[in-house]
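Here's a solo chain for you in structure tokens, the form predicted on its own.
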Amino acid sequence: MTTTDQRKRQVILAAHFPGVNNTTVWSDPDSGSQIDFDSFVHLARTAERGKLDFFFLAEGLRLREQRGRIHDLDVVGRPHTLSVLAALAAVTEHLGLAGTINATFNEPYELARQLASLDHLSGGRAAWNVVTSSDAFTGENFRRGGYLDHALRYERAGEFIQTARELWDSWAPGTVVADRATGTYVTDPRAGEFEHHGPQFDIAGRSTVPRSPQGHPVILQAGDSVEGRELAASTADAIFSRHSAFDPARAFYTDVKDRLATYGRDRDELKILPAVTYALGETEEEAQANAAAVRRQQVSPQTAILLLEQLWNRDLSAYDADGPLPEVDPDVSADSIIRGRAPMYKEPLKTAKEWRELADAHGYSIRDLVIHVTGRQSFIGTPAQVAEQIDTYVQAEAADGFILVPHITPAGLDPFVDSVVPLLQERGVFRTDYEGATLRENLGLPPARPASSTARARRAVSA
């Protein structure tokens, strides 16, 4: 990374394509398509113009339903993640391409092949955000079904990543020589052979894709439970964190970084990247007004009721979003009213009591309360103030950088790139140009370590 002050920690920035949550204001007149390729191209090229590290794409394997209906908490009709990223590889040159792919309902052989292919096609810019699911509703789309409990899905994810790495390592660097003079195409006639026997996967054969530019695509992980943190500390290159308020972010950062030593890893081998929104203005007052206006768009009256239902687990469609909270308690005995998403609240009765007290203390309507309790960390202020806030987080080790979540598709990232990025560059904490050839290099990550039990290693031992 370019820096004018080597003492300062460098900021990592990524761009999230909006969607799959109520951050996206699809109804805003400035919003474009969530499906047309032009939308993906616009955001990716803006991110690359700003020298951001990577483009991040979420994925849902099944549309969420609430009370049996698709609703505007999801942006529907998203094309397949790897298809979009492969197409973006052709219209960008340096930007990393990160996709969310589920480790519960895929198979290592096929996914490792697809990710290695993306790494080849992009010249070493592929990243995989590993997510899991034990949701039976989502599982209905798959032969496997939704039978995995929480602990087992992380066991499967850990073995999935290990197996993928074994597949990627089954081709040693430099195996393909394609020497026309000698007629030698590969130096190892057993290239690509693999053999994995474990509780989750029992497979053997040959990987069809030679070693990719990064060796291993960059691995991101988003889990927050103890199991998720351990999985990240043992295997991930970066965490897509939900802890973005300063104190919780710093506590999470310290906790996860401290776990790395157990796995023989240095603290810089795992980057922690909270997701954040932002609101800008020429003055702080204007930025605050813009932020408030965006939140009113994000939480429409309909959305306020839908989000409240997720805690109450009841049909609240008869309630007025501008009125008081329901007098009835959440229904903790019924099946979840929402399908396709993990339960949001572990103690509904306790949380509802806290929300009532909060509403009473501040005179909140349902919509006011939902706006207050569902907001995520947002950097609000003038471009200079936002640049300072970002720099403060990174220098104080509350984050290594951020995944930016604009609320407008696809042009919501433009003002950030045009006004905040130059100020970060002036502060000497953000690159002025790409220096690495691969995403791994641009993130400051070490070269991919070969998997500890690769097919090649086993062959060497048995030879």
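All figures in this text were calculated on a predicted structure; none of them were measured in a lab. A residue's number is simply how far along the shown sequence it sits, counting from 1.
Not pictured, yet referred to below: the form predicted together with a small molecule.
Under a 4.5 Å heavy atom criterion, is Ser225 part of the interface with the small molecule in the predicted complex? Yes - in the predicted complex, heavy atoms of Ser225 and the small molecule come within 4.5 Å of each other.
In the predicted complex, His362 touching the small molecule (heavy atom, 4.5 Å): Heavy-atom contact with the small molecule at 4.5 Å: absent for His362.
Answer with yes or no whether Thr163 is in contact with the small molecule in the predicted complex, where contact means some heavy atom within 4.5 Å. Contact with the small molecule, no.
If you check in the predicted complex, is Val41 within 4.5 Å of the small molecule, heavy atoms only? Result no; Val41 lies far from the small molecule in the predicted complex.
Contact residue in the predicted complex, chosen from Asn106, Gln377, Thr374, Thr100 - any heavy atom within 4.5 Å of the small molecule: Checking each option against the small molecule in the predicted complex, the one that comes within 4.5 Å is Thr100.
Which pick from Leu369, Leu118, Leu148, Val131 sits with a heavy atom within 4.5 Å of the small molecule in the predicted complex? Looking at Leu369, Leu118, Leu148, Val131 one by one, just Val131 meets the 4.5 Å heavy-atom criterion.
Proximity to the small molecule in the predicted complex (heavy atom, within 4.5 Å), stretch among 51 to 59, 416 to 424, 24 to 32, 393 to 401: Checking each option against the 4.5 Å cut-off leaves 51 to 59.
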